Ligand SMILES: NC(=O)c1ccc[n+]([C@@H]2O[C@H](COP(=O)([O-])OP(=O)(O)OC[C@H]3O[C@@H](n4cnc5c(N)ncnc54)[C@H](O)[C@@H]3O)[C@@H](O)[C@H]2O)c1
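The chain below stands alone and is given in structure tokens; this is the form predicted alone.
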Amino acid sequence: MQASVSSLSISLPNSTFRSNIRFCGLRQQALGFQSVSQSQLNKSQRIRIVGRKSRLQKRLVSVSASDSDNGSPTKSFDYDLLIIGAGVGGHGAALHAVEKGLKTAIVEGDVVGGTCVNRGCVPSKALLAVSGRMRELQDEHHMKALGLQVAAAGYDRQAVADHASNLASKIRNNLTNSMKALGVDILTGFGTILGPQKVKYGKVGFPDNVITAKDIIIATGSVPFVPKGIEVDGKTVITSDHALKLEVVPDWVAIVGSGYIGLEFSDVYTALGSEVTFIEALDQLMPGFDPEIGKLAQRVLINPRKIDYHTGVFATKITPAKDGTPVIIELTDAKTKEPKGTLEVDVALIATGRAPFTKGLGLENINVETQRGFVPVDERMRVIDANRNLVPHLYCIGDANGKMMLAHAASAQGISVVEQVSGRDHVLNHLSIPAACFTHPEISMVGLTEPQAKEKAEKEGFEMSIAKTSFKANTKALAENEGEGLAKLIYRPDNGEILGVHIFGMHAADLIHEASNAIALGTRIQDIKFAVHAHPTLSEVLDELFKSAKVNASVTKPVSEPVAV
């Protein structure tokens, strides 16, 4: 059993610094798997890359497809671009490809929208919207402070479940219609790579279809990871896939893993009346967050609520409820491996992260070996074969490559790939991609945590500083009676580079983007200080944060080239 925490190796510019960065299921990479730089590839392969880049630059043209024109395929191919998987990553790549004038098709064996729309981000936000309102209505002190009198709040479980299901259906239809309107061919069936630039697809029991494409993107996503010893029955021992259906609100639920998935479901269940017990393999809850933010979040999100927890333990065996018996969870000490007793609960939710869905892709046909299920890629999402050579015209994005398991990261990677196949070299800066946990209040982050930044500073020999601001000093937060919160800036005082920003508080998930965009654009603190924010708004939390930073340098040029991760 393992908690929803894994390691991510990041290559930073102009440095040999490498850090094992932990994220709570938000940014995952196969353990021991690192991106391969161009210098690690075979010499002959590097020569081939340079030649191809030169040819691409020569044929770079400005193109824009009309709303209904999916372009014309390159001669001898059925499509310019074929995408296997119609999740958020594949959808983003398809729309950008049509904009670039590429004839595009997308293969989907399940439903359009993938995990995010159907079994992840979208329905979970519908449930969290309900939990947020329930939590506010149940807080008598909060209501009284606003001068409001509210009768006892209640809910209809099936109506709540329908809200989540209906939202997923609406977004799924929106994605499907957007691709159809642009002329993207949606091919139904499971896609398998037969060889270079060739794919077959089809449904079980029907003949397969074979198509060719100049470039192919793998975007098959992920599935819930269930550790050995855990028996999932979909009723009393469940994954997030089952929990989002909200078929029952148990009196007592154990959540295995205290990453963002577990935290969000604890917010939902406790608001609807359940008691929650966290089971975490590491020594502290929320180990992937910045430690200071994690401590504050535990004080607000865990301690006052009907939540207890066991840390430093594995759930080595979980047996579903049957014949009137409860769910039985056997605990083992994570260090000594000695038994630590058992728990008997109504439901156990397995929130130990996600695993790549890459089986059956036909990777063996192109000599590609997965690493813990992940498809190995370089910083440009180009697939790498077992001999450490690039596979021509093949890319992999999103959860399937393990670089950063976030829907918007998958979409960004897909857009980056389309830029490359269209003739413009592009490397995505993963350190500028934000992440969020939609609890009440919310948690958001971008860049490095304080321990990671300290390690980087020590290795590279520069000074690191920290600035903080409180939501208690923000007029809009106080007007909402939501003053509980903190924003934290980690930066270099010598040149004003933003190393990381972490926010805990009301609408933190919305506020983080000013910081993430600043990192992406290389904007220095001494420049962003001059940005004007409307008053009174929550955005002034970031305004005050940047203004409170003490920067020694007066230089105003961008910090550096994008970081290849």
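Predicted model only: the values in this text are computed from it and were never measured. Numbers for residues come from their place in the sequence shown, where the first is 1.
Only in words, not in the display: the form predicted in complex with the ligand, which the text now covers.
Shown here without its ligand, the chain is overlaid with the ligand as it sits in the predicted bound form; three or more ligand atoms lie within 2.4 Å of backbone or C-beta atoms, and the site is blocked. Interface residue among 175, 313, 307, 384 relative to the ligand in the predicted bound form, by the heavy atom within 4.5 Å criterion: 313. When the ligand is considered in the predicted bound form, only one residue from 353, 414, 485, 447 comes within 4.5 Å through any heavy atom, namely 353. Although the partner is absent here, residue 438 lies within 4.5 Å of the ligand in the predicted bound form, judged by heavy atoms.
Among residues of the shown chain, residue 267 is not one whose heavy atoms approach the ligand to within 4.5 Å in the predicted bound form. The ligand is not drawn, but in the predicted bound form it has no heavy atom within 4.5 Å of residue 327.
The closest non-hydrogen atom of residue 282 lies within 4.5 Å of the ligand in the predicted bound form. Partner proximity in the predicted bound form, defined as non-hydrogen atoms within 4.5 angstroms of the ligand, places exactly one of 177-185, 139-147, 489-497, 256-264 at the interface: 256-264. Taken together, the three residues 163, 273 and 505 all stay farther than 4.5 Å from the ligand in the predicted bound form, as judged by their closest heavy atom. Residues of 178-192 include none with a non-hydrogen atom no more than 4.5 angstroms from the ligand in the predicted bound form.
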